[in-house]
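First structure 1, then structure 2: two forms of the same chain, each alone, as structure tokens.
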Structure 1
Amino acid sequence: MRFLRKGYILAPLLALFWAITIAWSLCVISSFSTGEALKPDILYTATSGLLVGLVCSRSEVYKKSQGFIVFLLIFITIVLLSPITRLSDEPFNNLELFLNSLFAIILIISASKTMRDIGFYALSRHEFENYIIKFLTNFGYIFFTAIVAIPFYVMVMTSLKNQSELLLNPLDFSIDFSKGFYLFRSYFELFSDFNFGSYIATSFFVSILTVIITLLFAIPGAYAVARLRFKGRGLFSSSILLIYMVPLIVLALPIYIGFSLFGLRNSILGILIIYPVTTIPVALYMLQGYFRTVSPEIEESGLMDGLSRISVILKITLPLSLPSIVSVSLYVFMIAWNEFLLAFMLLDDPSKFTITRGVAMLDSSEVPRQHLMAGSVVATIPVMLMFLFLEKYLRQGLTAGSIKG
């Protein structure tokens, strides 16, 4: 590793990796937005990176104006090398020119910014590691953004296309704005032909009732576990955790049998019985953690003033832990909204579908895939909106309870 700790080795090396990262990202982004086939040439990309890195390691030698001229020269060299090329026989076009210039600018600016003071010769261990960490951090941002954003981007863009466009070029996600409202055709059809309005309504109804029922059971239970002394408290709280770990598929089989026997299959009532049961242990576990953080002195002073336990809970503990209750509610709502397995097994009648069951119905060879993706977008939007606006609460809920899968 010691031979790497020289400015003139580390800087070109990091710039080389960085150049490859940028070139690939640009190619993927432009391919996904124009449908054109673009590819970075490894050799030219590497050369560009090495060049920029070498100049960076010498940068302290130049004066400001000199530095500017050197980078301008490199910029021209990179554009002439044009590491990003289209894979067709057509002549060089504006898109390539644009991408190569963009590549050169991003590479030069980011490399010179992060490695301005790297120096030409030996680096201290401290400096060396810092440069590597900087590179890894930047790489990490691009990597994670790409893996998270690409599937969601494809989901949204596919829903705006039609079958023949999708088959013609699966990469072409450019939007034809001239279509106007016609772009959202899949969505209109979901609501008119596939009855999605009813599924959304059912899902909201089921999810909100699940939240209410869960809280009605979990708040008293959590309070008892958190505050009151009774025999078997330890056993009870660990059995909550244990139940919380029983896989749904193990329970789903006897529940399916039982519900068939009692006529609860294919009914919203059945769903409303089973959903809270899957969420009560989580909610109880989360809430008891929150209730413990309410200071016992405040409650005791309430008891001293002659309030009963129940009114202490209602007038002191609950208002104090309201934010936590909001977190738990959002988390439970999210679980109920996203729930798929039970809805899939228990509901067969399209008039009673929840949104996830409705989307599962779209997964057939007769339904075009833009409808499937439009359905997925519709199912995702409420959770995402909730997440964007109430992010703080949801994050709290996630950290407190989301040991669950």
Structure 2
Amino acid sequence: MRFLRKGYILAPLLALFWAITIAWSLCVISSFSTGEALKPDILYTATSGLLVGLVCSRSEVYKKSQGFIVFLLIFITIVLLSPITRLSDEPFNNLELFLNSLFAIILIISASKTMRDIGFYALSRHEFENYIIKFLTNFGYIFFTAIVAIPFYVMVMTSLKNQSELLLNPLDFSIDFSKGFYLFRSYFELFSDFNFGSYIATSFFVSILTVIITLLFAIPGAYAVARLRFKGRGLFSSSILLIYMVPLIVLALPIYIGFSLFGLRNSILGILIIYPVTTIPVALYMLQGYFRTVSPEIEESGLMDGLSRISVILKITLPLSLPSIVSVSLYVFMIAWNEFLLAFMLLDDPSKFTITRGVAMLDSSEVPRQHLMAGSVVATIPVMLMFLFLEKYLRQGLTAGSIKG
């Protein structure tokens, strides 16, 4: 690896990988937005990256008298190489010219910012590792953003299509905004023809009650583990999450048989019994860690002032633990809202479907695909909005119990 610790080797290699990353990113974004199949020419893209990296690693080219000329020459060279082309053999068009120009600008600017300080010759180990980490960090941002954003984008764009457009070109994710409100036809049909308003109301009702039931059991249980001394306390504390060692699919048949025998299958009551079973352990685990960070002296002061243990919990511990309780509530709500296996197994009556069970019902050859995608969007948006608004509480609650004191 020592040979890589030369600026004239490391800079072109990093610029090469960065050029390929930029080219693929532009191709994916443009293909989704225009409907045209685009791809980068790896040879020309790699050549562009090597050229830019080699030039940018030499800091003397950034003198004011030379900077613009060097930038212009590299820009023209990359555009003429045309690294981004269509899959078809049609003549070069304005879209490809625009993308190649954009590719050249992004590559030159990003390379000049991240690689202009790379010495042309030997690099120290610290400098070498710093440039590698910087590249991997930027690549990671793009890669993981793509993993999250692309499926959601495809889901939303597909929900705005009609059946003829999907059959004509299933991979065309561009949108014709001239249709106006007709774009949202599948969403209107979702609520008018498939009763999705009832599914949302049922899921919201079940999720809220699951949160309430979970907190009613988890708060006193977590407080007892964190504060009180009793026989078996250590074993109980360490075995809280053992339920997650058994896959839920293994328990599916016994749960189905048991709920059928007791008449709880195909009922909201049955769902409200089984959902907290899956959420109470994780809520106990999260809350006990936070309760341990609350200073015992504060509670002891309350006890000395004549408060009962319950009053101490209600008036002192819970207000101090509010961020953690909010984060646990949000986490439990998301689990209950997104739960599918139990709802699919226990619910058969469409009037009692949760949102996930309703979306599964749309996965049929008789239902157009845009309705399935619209249902998926409707199921995703509420939890996404809740997460965005309450993310700071979730972050605080998840990290609160990591440090004791």
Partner chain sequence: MLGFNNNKGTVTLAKKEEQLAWVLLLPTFLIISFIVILPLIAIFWISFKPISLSDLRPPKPIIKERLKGKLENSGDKAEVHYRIRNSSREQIINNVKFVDAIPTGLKVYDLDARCQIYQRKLSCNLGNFKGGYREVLKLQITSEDIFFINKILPKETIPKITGKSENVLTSLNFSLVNFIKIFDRDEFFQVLFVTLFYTVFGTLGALLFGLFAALILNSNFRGQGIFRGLFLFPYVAPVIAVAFTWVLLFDPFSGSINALLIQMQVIENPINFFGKRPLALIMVTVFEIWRYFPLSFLFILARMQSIDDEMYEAAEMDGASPFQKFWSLSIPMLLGILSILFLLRFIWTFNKFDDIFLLTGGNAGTRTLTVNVYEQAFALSNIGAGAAVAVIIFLFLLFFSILFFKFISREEGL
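A quick note: this is a predicted structure, and the numbers were derived from the prediction, not measured. Under this definition, the rigid core comprises the largest set of C-alpha atoms superposing within 1.5 Å between the forms. Just so we're on the same page, residue numbers count up from 1 along structure 1's sequence.
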Number assigned to the form predicted alone in this pair: 2
Rigid-part rotation between structure 1 and structure 2 - which of Ala360, Leu26, Arg369, Tyr182 lies at its hinge: Tyr182
Domain reorientation between structure 1 and structure 2, expressed as the smaller rigid part's turn in degrees: 6
Rigid-core-superposed Cα shift at Asn130 between structure 1 and structure 2, Å: 4.1
Core-aligned Cα shift of Tyr141 between structure 1 and structure 2, given in Å: 2.8
